[in-house]
Each structure stands twice: as C-alpha cells, then as structure tokens.
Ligand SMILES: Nc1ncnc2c1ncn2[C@@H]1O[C@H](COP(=O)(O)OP(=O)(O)O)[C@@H](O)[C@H]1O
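A single chain, nothing else alongside it, follows as structure tokens in the form predicted alone.
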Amino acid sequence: MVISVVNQKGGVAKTTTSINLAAGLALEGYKVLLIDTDPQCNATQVFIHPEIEIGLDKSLYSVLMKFAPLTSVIRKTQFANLGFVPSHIRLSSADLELAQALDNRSARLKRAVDEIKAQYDYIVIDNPPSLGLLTINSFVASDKLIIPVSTAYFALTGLDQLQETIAMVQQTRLNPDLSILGVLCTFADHTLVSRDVEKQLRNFFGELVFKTTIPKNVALEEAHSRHTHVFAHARRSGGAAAYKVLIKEVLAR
C-alpha cells in the first residue's frame, strides 16, 4: 500500500508523521520505503546529515526529471526494514519543469513506484506544503492519504481546496481509487482552541478522523535533531506512545 501524508499548510507535522509512521510500521515487521518529495528536504535531513551533500543523481530529482529507476536512489537506513529515498533542493523547480513536459507528467512518480511496489508492504510519501505537480504526482501514485491537521486557530484554512484537488484526481481518472485513510489531529493540547478545532474536525469529517491525536511533545522535535525517529530516541515519551497507537489504528483501517 502507498500512503501519502499531505496537507498544503506547513507546520502540521507532515514530516514528523511520515517519519514515525514509516518507522513504526518497520518496527512492526513490515518492509517499508519512505519517499521524501519535499524540496525543503526535512525528512532527508533526519536520515542524512545536512552536511552530507546529496548528488542530484542520487535523489528523487533524477527519478522524476531524468526517468532514473527508483531502485537507483533508494538508500538503506540504520533501521531494519526501512528504506529511504532522499529529496533535493532542486525539486523546488519541479513544478516549472514538469509544466513544460509533454508526457503524462502527473504519473511520473507512479510509474517509478509501480516498478518496486511489490517489494514493500508499505510506501510512505512525505509531501511538500503545496498542491503543485509534485503533490499531484504523489496523489496519482498513492492508494490512501493521511491528512495531518494542527489543532490551532487557522487549521481548517485550505482544507476545502485540498478536498477539491483530491476530487479532481479521482474524477479525471488520474487515480479514481484514491481515498482518505484518515485525518490526524496534531499538536493537540488542553487549550480551548485545540479542543474546539478537534471538535470541528470530527463534526466535519466524522469517522475519517483518527481516534488517536498527536500531542505537543518535545521528544518528537528532539528525535529530528538527533537524526532518528521518536521510537529510537524516546520510546517512553508521549509522542512515541501516540504514534504507536496511531500505527495500530492505521493497520486496523
């Protein structure tokens, strides 16, 4: 199964969710591949130290722009069952470059993923905070979407546009089987704003909202800075506990 973690808003824990979902599934014994499609390379910097330069030919850029096979850029991680495809800052120009392409530019990632899909139980895609052609490529390549939403005041802004984009991908036959696996409340705390936003999300999306919520938790940020996932950094933390429950819920769905 291919799962995209997506929201065009930044700061909603997309990368945190992608990393810990992929790592948690790997810890459960599943073979997992994490793909970073975000030109900001945040997930990449967790697994590859920022001081280590990643060549274009060893990143997702060469797959999307040069039609290199995905197998040529997959890297092993220090964690069992978990492979990784790094992003590159040059992907920031991908929308412009893809807009000039004459092929089925929305399906380039799907073609690459389809070649290796059978080798993995789960492929998790971390997406940029936009709804451009990179994200459309992820939608076309994916079976399911997870939408993290920060339980903050402006959290609901843009969700209508996201739903419209999902519907466009379904209705134009780019990927008619694409569906939302779940909406995930992140940065949850005990403030009135957080509780109100969560209530609005549950009223609007109903059963699509995961029962699990991800709390504000310093261990999640600390794990990033130590180039690892929260289960390796602080397995007894509230963040680790929440993502562990989320993974069980994902598997149940």
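What you see is a predicted model; the values in this text were computed from it and never measured. Residue positions are given as counts along the sequence shown, with the first one as 1.
Same protein, other form: the form predicted in complex with the named molecule, not shown, and the subject of what follows.
| Using a 4.5 Å heavy atom cut-off, which stretch among 66-74, 217-225, 204-212, 25-33 contacts the named molecule in the predicted complex? | That would be 217-225.
| message | Since only the chain is shown here, I'm wondering whether F187 would be in contact with the named molecule in the predicted complex (any heavy atom pair within 4.5 Å). | response | Yes.
| field | Contact flag, L21 vs the named molecule in the predicted complex, heavy atom cut 4.5 Å | value | Taking the distances in the predicted complex, the answer for L21 is no, it never comes within 4.5 Å of the named molecule.
| said: Is K14 part of the interface with the named molecule in the predicted complex - any heavy atom within 4.5 Å? | reply: Looking in the predicted complex, residue contacts with the named molecule include K14, since a heavy atom lies within 4.5 Å.
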